[in-house]
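Presented as structure tokens, the chain that follows is alone, the form predicted on its own.
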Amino acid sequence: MGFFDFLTEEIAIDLGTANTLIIHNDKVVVDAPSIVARDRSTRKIIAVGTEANLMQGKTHNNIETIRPLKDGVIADFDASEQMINMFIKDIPALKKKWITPSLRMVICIPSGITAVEMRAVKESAERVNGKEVYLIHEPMAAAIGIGVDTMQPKGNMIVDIGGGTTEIAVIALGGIVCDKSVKIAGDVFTNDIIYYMRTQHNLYVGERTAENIKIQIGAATEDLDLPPEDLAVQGRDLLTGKPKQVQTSFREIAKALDKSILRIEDSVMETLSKTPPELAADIYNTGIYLAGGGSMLRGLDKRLSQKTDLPVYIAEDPLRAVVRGTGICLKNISKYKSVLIK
């Protein structure tokens, strides 16, 4: 412990394509959509997070809404840096400080990330006063967040379905033995729904409406034990140009998402086929763990279970599993040294 340690604050960040979560002092202090609204002429940021999300699809020519992360990695360097900066400034405990503290950070990254993309994340963090920056792979953070003891000589399989990527990994002895990162996740599901509404109902809906349909009645299979009620969806009629409303059911959404979910299933099977036999034996006993927002699709656990013949468990509060794991690593940096990338 150095003399200046009181000037250092520790934060854990799950920088997601859809949502950014930050943990400070063991509490989730920021949980907001990863979206930025900025003025086109002055390039000044007008709003971030929830406020910017409300503007999405409703802006005029002078304002643009950007999602700085695409497929789990930084696509717009400038916007992402300003977004992280504003989120960190929003942390209640840091607002009260006279001096801007230097930060010790642990940040999540997808497992299929390149060295250049990794450097982009690191440089963004250093620019917002990050003195010590550690990176951790998402599936590893998810496993720790679910409560799996990743240091044991025992195989565990994690499927983390986020906004931009689905991360599938087999973990043992504090490392990732085999993994696959597929760019099919929440955003692709949303686009599938937009496409389905256009082709089947001649209804043009925006991203926010499609996201809402996915949350309200999204399903991975047509035989659900507790089916949700039909949903009224409003949008623009592509034939007449008038606003109109149609009723849609979970069965239709299951059809719309079928192809994308099939590709996730295939990736899970591919990862299982690459798993060493001893670890495959462990996975037969422990099953598969699901984390991330996409795992909340109704019936997805059942569908994966039928495909793999393994028990499938959804993490409690799957949206925060990754950031919880990142927070645990932050508290025990010496224990998880082997897992973190400095």
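Note that residue numbering begins at 1 and tracks the sequence as displayed. What you see is a predicted model; the values in this text were computed from it and never measured.
Missing here is the form predicted in complex with a small molecule; even so, the following discussion is about that form.
The stretch from 209-217, 176-184, 239-247, 263-271 that comes within 4.5 Å of the small molecule in the model of the complex, counting heavy atoms only, is 209-217. M296 is the sole member of I63, L310, M296, V28 with a non-hydrogen atom lying within 4.5 angstroms of the small molecule in the model of the complex.
In the model of the complex, at least one heavy atom of I161 sits within 4.5 Å of a heavy atom of the small molecule. When contacts are judged by a 4.5 Å heavy atom cut-off, A18 counts as touching the small molecule in the model of the complex. Although the partner is absent here, L319 sits close enough that one of its heavy atoms falls within 4.5 Å of the small molecule in the model of the complex.
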